[in-house]
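Have a look below at one chain only, the form predicted alone, in structure tokens format.
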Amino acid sequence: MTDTASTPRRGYGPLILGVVLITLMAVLPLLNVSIPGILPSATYEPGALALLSLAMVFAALALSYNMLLGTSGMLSFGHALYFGAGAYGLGIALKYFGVPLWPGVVIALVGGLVIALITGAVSMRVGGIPFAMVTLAFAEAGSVLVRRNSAVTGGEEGLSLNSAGVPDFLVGVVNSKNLYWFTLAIFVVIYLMSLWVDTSRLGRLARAVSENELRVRVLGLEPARAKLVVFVIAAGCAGLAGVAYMLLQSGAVPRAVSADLTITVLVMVVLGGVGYRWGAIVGGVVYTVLDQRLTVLAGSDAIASLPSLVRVPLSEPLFLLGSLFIVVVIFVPGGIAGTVDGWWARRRRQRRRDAIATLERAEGASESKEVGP
């Protein structure tokens, strides 16, 4: 009776925790919270809100990539192509089509989905490493198109946001709170899409395909279609994150389309734990905060005063991030979420063994009393 009654409460636990966390994040801009060394200012000030918003964008992008790698087992080196399609698509729609923000968002997302459908269908003709190489080729092709077509995309200088079509409450530093809440809303939408994919029949089928595609074929199912649908949904979520990025940064640069960004997102997912939604979020947030704060640390007087043997590596944020990634891969192969999940599983097994041992001792004591004088 106790186990049956407690099961629903455990099932609602993650939902309640998620609602509490989202509520806390929503009211954070209204609070005066300072975290020295992590946030550049109090949470109600533009500096902290900009960093938190950027962290949510990359956490959302990591969630979308986790759909590919964690759910479907697809290692892609071209996922940034769809992130860039969202960012550049919105910028082009606002600047050259003269449409307002929301039609521009729709144009950017539809364009990104069409690109994902075409490139995904071609890429999935192969699997494994060849699939990764084909997606890399598409990403490089997209990067070349962005860099070479400077008349449309701005080339190496990037494409600036045409704020004429954007509502006033989403423009400028004075509206950092509104941009933060807009980004939070997009983050929640992408998380719900990721949750739906993972818990739906589509996600279970994609997971089965990643484990044993031949068995899925023998059962009469279509693995290619399931993988393509997940691929397109993940690309659409990446495009939505790109829309938020465009509004936050008031522009986009060619790196938003490059394979270099995809590798960065891959590091985020591995750091957080492949296959864990909350791990992808933690990995995206941790990487973004470290990337921003280590850059500040590298230029500080404290680092400049160190001997050259120590100063040179510490003044390179990418060196520190790379070292962190190596440490995680070697010593924490499951990432942050995998390590916590493993620790929690071991703890539950130990508690179960302790309970069984206690029960056996109680039964032994009871039997000894029955046979006693």
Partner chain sequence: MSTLVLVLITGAGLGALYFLVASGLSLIYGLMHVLNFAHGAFLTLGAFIGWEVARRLDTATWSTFFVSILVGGAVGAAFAALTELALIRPLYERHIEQVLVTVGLAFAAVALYQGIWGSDPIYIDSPPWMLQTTDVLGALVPNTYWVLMLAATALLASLVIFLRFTRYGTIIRAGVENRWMVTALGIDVRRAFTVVFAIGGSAAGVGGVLAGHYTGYVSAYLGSSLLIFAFIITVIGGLGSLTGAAIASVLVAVLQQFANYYLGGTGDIIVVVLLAVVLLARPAGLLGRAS
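Residue numbers count along the first chain shown, from 1. Predicted model, so just to flag it, every value in this text is computed and none were measured.
Keep in mind that the form predicted in complex with its partner chain is missing from the display, and what follows is about it.
Across the proposed site, 122, 134 and 144 without exception bring a heavy atom within 4.5 Å of its partner chain in the model of the complex. The stretch from 246-254, 134-142, 184-192, 105-113 that comes within 4.5 Å of its partner chain in the model of the complex, counting heavy atoms only, is 134-142. The closest non-hydrogen atom of residue 325 lies within 4.5 Å of its partner chain in the model of the complex. At a distance threshold of 4.5 angstroms between non-hydrogen atoms, residue 214 is out of contact with its partner chain in the model of the complex. Contact between residue 167 and its partner chain in the model of the complex is not found at the 4.5 Å heavy atom cutoff. Interface residue remark: residue 288 is not counted as part of the site for its partner chain in the model of the complex, having no heavy atom within 4.5 Å. Put simply, of 180, 276, 231, 77 only one has a heavy atom within 4.5 Å of its partner chain in the model of the complex, and it is 77. Checking 37, 47, 313, 342 against its partner chain in the model of the complex, a heavy atom within 4.5 Å turns up for just one residue: 313.
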